[in-house]
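Next up: just one chain, as C-alpha cells, the form predicted on its own.
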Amino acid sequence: MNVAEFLQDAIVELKDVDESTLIPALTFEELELDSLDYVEIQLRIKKKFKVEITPELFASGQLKNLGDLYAYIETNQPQAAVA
C-alpha cells in the first residue's frame, strides 16, 4: 500500500467521505478536519511510515493539501520503511 492509498483509507475511515473526492489538490480546510482528526492522522503516519508530522507543518502552510502531505511523507520516510 502506497502513501496515497494509506492516507485515503485513513481519511475515509475518519471522515466518511467518498474516496473518489480525495484528490491531491484537496485542501485540509475542504476536508473539514478537526484537531482530533489531525492527531489521529499524525499518529497513523508516524506508526506506518516513521515520519513525524508536526502541527507547525500545517499551520505554516507547508502542508496545504493532500498532495503536499503525500510528497512530504515520501521524501522524509526512512528507506527501510519504503520497502
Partner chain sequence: MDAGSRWDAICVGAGITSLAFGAQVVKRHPGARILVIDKHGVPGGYATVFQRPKAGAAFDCSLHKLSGMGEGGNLRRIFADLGLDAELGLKVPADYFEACLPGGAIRFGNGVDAFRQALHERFPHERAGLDRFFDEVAVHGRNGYHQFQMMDGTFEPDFAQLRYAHKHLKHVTVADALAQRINDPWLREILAATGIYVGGFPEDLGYLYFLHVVYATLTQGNAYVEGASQRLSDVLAARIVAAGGHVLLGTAVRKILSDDAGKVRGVATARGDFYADRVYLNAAPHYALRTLFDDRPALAPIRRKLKNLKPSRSTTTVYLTTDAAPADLGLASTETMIFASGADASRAARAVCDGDEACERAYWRDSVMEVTNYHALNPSGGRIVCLNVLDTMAHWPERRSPAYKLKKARALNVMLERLYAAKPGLRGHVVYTEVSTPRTYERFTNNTDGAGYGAMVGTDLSGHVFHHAFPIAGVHFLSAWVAGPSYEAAFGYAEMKAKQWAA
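Numbering follows the first chain given and starts at 1. Not measured: the values here are computed from a predicted model.
Quick note: we don't show the form predicted together with the partner chain, though the next part is all about it.
Although the partner is absent here, residue 74 is not a contact residue: none of its heavy atoms lies within 4.5 angstroms of the partner chain in the model of the complex. At least one heavy atom of residue 60 is located within 4.5 Å of the partner chain in the model of the complex. The shortest heavy atom separation between residue 43 and the partner chain in the model of the complex is within 4.5 Å. Among residues of the shown chain, residue 14 is one whose heavy atoms approach the partner chain to within 4.5 Å in the model of the complex. Applying a 4.5 Å heavy atom cutoff to the partner chain in the model of the complex picks out 32, 33, 34, 35, 36, 37, 38, 39, 40, 42, 43, 44, 46, 47 from 31-49, in order along the sequence.
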